[in-house]
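Just the one chain here, the form predicted on its own, laid out as C-alpha cells.
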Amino acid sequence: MTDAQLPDDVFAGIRVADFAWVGVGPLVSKYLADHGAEVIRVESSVRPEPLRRAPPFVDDQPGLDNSGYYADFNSSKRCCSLNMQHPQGVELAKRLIAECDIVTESFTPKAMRAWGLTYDDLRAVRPDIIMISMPMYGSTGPWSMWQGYGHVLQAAAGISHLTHYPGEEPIGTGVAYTDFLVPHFAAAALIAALDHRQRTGEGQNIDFGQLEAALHATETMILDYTVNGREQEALGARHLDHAPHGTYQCAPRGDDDDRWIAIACTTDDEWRALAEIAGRPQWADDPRFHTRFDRLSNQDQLDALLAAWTRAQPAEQLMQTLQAAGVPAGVVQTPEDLRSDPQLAHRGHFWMLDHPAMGRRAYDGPSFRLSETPANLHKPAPLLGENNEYVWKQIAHLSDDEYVELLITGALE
C-alpha cells in the first residue's frame, strides 16, 4: 500500500487540518482520508493526543506510536506536530489552515476561542473554509463547557438507561459506543458542507453536538414518553414486541465454555420453526407460547426451556441450522471469531498495513462501499510528527531557515 492517491478517489484535492482528538473527530476525518482527502493530524508531544496513550499496545509496550486504538482511527492520514502553547503556535496553525479546505476539532468551545481559531477568525485566513466543531454537548448552552468521553455521553443520551437488566444498576455498553455511532452523522454534515461550497463557493460553520447525534440510538424511548407519557425501562436482551429474544449459552468449544447464541423470533412461523429444530414441536402448541402475546407474557419459562436446550448445542452449527430454517440467529462472536470470520474475509474487511513502529497489522476497512469511488486505506496511521518537513515546508511554505529555527525553539514539538 502506498501513499499515492488513486485516480478515482472522490475527495482527492481536498485538504483537512485535523485538530480533533480521541474518537469521534478522528473517525470523521478518516472517512475523507480513506476516500482520497489529504488529512493532516495536528498534534503535539507537549500534550499528546490521549488515544496515543490508550491500549491495546503492540506487545503490551506503551508508546505514543504503539497504540492499536489510535492506529485504527487514523489510517490514511499524515501528521505534523505543533506546540500551540509556543508564541508562534497560533500563527503557524493559521499558516497551515490557509492552505486547507476543512478544519476539524472536537474540544470544548473554550479551546479554539482561547487560541483565536474560531470560525470567524479562520474566515479571515481562508474565506471559504469549512469548519466542523464537535464538542460533546455543542458550542452553546449550559452544558457546552462540560467534558467527557463515550461512556459519559451514552449516559447523558439515555443509552445507559436501557442497557442493563431489570432491577439492576445502569451499566452502559462497556465501550465508548457513541464514538462509533456519532461520526456517521458528522461525516454526512461535513460532506453536505463540501457540496454546498462546490455549488456556491461559500464555506460553512458546522456546530455539531455529539449528544444530539447520540440520541438517535435510543430507538423509541423519547417518542414513547412524548406520546404516551411512559418511561421505557431496561429489558436486558429482551424486546418489547418479540419473544423469544435473548442470548443463550451453548456447548463448550474445546476449553472455551463461554459460547453463546442470540435468537430473535419476530413471527409465529419463526417460533414454530425453532420448536421443530429443537425437536419439541409441542412448544409451539403450548398455551403459554402459542402466540407472540403468550410468549411475551411467559418469557421466564420460555427462556428457561430454550437455555436448557441450547446448552448442549455447538453455537456455530446451531446458528447455521436456525438460519437455514429462516430463524434469525447469530453467534456472540469474540475478537478471535471476528478476525477469522468467513463473511468478513469474503468482503475483505480487514486491511493489512505495514506500520513503521508496530509492523504489519490489521486495520478495519470502511463500513460502506461506493461502487464508483471505493475507499482505499492509503497508508498506516502516522507516527507523531512523521510528516513535519513535508507539511511545514511544502504546504505551509516555511523556508529551510524558518523550519530549522522553529524546530530549535520548540514550536514544532
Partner chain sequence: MPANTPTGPLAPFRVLDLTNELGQLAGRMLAELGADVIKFEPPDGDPARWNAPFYHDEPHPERSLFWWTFNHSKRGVTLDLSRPRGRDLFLQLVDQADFIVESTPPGAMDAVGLGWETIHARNPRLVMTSITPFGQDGPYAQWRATDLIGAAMGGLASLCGAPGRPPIRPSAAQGYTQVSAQAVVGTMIAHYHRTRTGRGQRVDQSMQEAVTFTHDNAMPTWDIRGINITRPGNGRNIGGYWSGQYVFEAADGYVAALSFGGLFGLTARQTIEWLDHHGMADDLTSEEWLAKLDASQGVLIPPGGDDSDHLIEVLAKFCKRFTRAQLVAEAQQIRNGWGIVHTPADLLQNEHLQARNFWTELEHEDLDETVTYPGPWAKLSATPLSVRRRAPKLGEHNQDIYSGLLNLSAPDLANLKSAGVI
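Predicted, not measured: the structure shown is a model, and the values here were computed from it. Positions refer to the first chain, counted from 1.
Unshown form predicted together with the partner chain; subsequent notes refer to it.
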Work out which of the listed stretches, 85-93, 298-306, 214-222, 274-282, brings a heavy atom within 4.5 angstroms of the partner chain in the model of the complex. 214-222
Even though the partner chain is not shown here, does W392 get within 4.5 Å of it in the model of the complex, heavy atoms only? no
Does the partner chain get within 4.5 angstroms of any non-hydrogen atom of I14 in the model of the complex? yes
Is A357 close to the partner chain in the model of the complex, meaning a heavy atom pair under 4.5 Å apart or at it? no
Can any non-hydrogen atom of G330 be found within 4.5 angstroms of the partner chain in the model of the complex? yes
In the model of the complex, residues of 330-366 near the partner chain [heavy atom within 4.5 Å]: G330, V331, V332, Q333, T334, P335, E336, L338, R339, D341, P342, Q343, L344, H346, R347, H349, F350, M358, R361, A362, D364, P366
